[in-house]
Ligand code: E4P
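This document starts with one chain, in the form predicted alone, laid out as structure tokens.
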Amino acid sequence: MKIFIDTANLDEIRKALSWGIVDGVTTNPSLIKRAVDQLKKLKVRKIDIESYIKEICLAAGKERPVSLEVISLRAQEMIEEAELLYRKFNPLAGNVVIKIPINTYTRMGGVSHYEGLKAITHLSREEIPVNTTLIMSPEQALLAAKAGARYASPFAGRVDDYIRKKLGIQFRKQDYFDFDLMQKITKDKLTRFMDSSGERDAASLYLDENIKEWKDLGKDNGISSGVHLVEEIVNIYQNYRIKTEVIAASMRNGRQVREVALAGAHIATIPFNVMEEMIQHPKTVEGIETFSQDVVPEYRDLFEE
């Protein structure tokens, strides 16, 4: 599985690149603005957003895609913004990918559900690579692939947040969501109810609202977690040999990264702090301390010139 770093902080990008594990960079306008504002606040140097994006592209280099995002909601405007971003920044290292949301509809109205698809289709025909974002269902991922997206980004962490919020579970975003436990709770509640239902016929059980509610407990239209979402998308793509790559996005913790890797994600885009978490384990610290103490003088002498 490839690893993209999800940040616009150049120091974080360069540090992670120096570890030799980063295959690409994903950004968004908010992350870029925050990074530039931080530099201005520290008065380290004068910088504007355009120059800063150029530095990100050059730092990533030719082998590592950099995702840059449009800001409009209508297809034609998104297309124009995408072409501008691609024209302005891709010549630097040939690594620019354009982020297009799968659906730009808002409850305020005025924009259809299909503007993103129209933009993806147009840009793909122009051979401008697209990273389709804000994917929250396998259905959306299938449509993104059909429209020609190079990448599809299911937001695993946000799906976990959505399910936990519906359940009324208090959580911090970095907390691991144990969907196996949730499924066991659901199965237990359903089993107990079925056992107490006596000799009721199958039709009445099937139509029972309590059974339906408990069966779907902790799920979003059949999806039980962000990792499950990634797994479903990977399976659909494999079924039809779809070339679109799955970027598991919105990673909250190291365990979630492990699980999307097991689910077959082609890529995970990971915040810097989660990368730091992934390398750590208390037994590793204990082991290296013991190792250092146990080095005998005779062996250490081998390294003396």
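Because the structure is predicted, anything quoted here is derived from the model rather than measured. Heads up: residue numbers just count along the shown sequence, starting at 1.
Keep in mind that the form predicted in complex with this ligand is missing from the display, and what follows is about it.
Practice problem: Have a look at 54-62, 39-47, 248-256, 275-283 and name the one stretch with heavy atoms inside 4.5 Å of this ligand in the predicted complex. | Solution: Looking at the partner contacts, the answer comes out as 248-256.
Quiz item: With the partner left out of view, is Ala261 within 4.5 angstroms of this ligand in the predicted complex by any non-hydrogen atom?
Solution: Answer no; every heavy atom of Ala261 is more than 4.5 Å from this ligand in the predicted complex.
Self-check item: Proximity of Arg192 to this ligand in the predicted complex, heavy atoms at 4.5 Å
Solution: Outside the cut-off, so no.
Self-check item: this ligand contact at Ile236 in the predicted complex, heavy atom, 4.5 Å
Solution: So Ile236 does not count as contacting this ligand.
Quiz item: Using 4.5 Å between non-hydrogen atoms, is Lys99 touching this ligand in the predicted complex?
Solution: Close contact exists here: in the predicted complex, Lys99 approaches this ligand to within 4.5 Å, heavy atoms only.
Practice problem: Check each of His122, Arg158, Arg150, His228 and return the one that places a heavy atom within 4.5 angstroms of this ligand in the predicted complex. | Solution: Going through each option in turn, the one that passes is Arg158.
Quiz item: Out of Lys173, His113, Lys165, Lys184, which one falls within 4.5 Å of this ligand in the predicted complex, going by heavy atoms?
Solution: Looking at Lys173, His113, Lys165, Lys184 one by one, just Lys173 meets the 4.5 Å heavy-atom criterion.
Quiz item: From first to last in sequence, which residues of 1-18 have any non-hydrogen atom within 4.5 angstroms of this ligand in the predicted complex?
Solution: Contacting residue: only Asp6.
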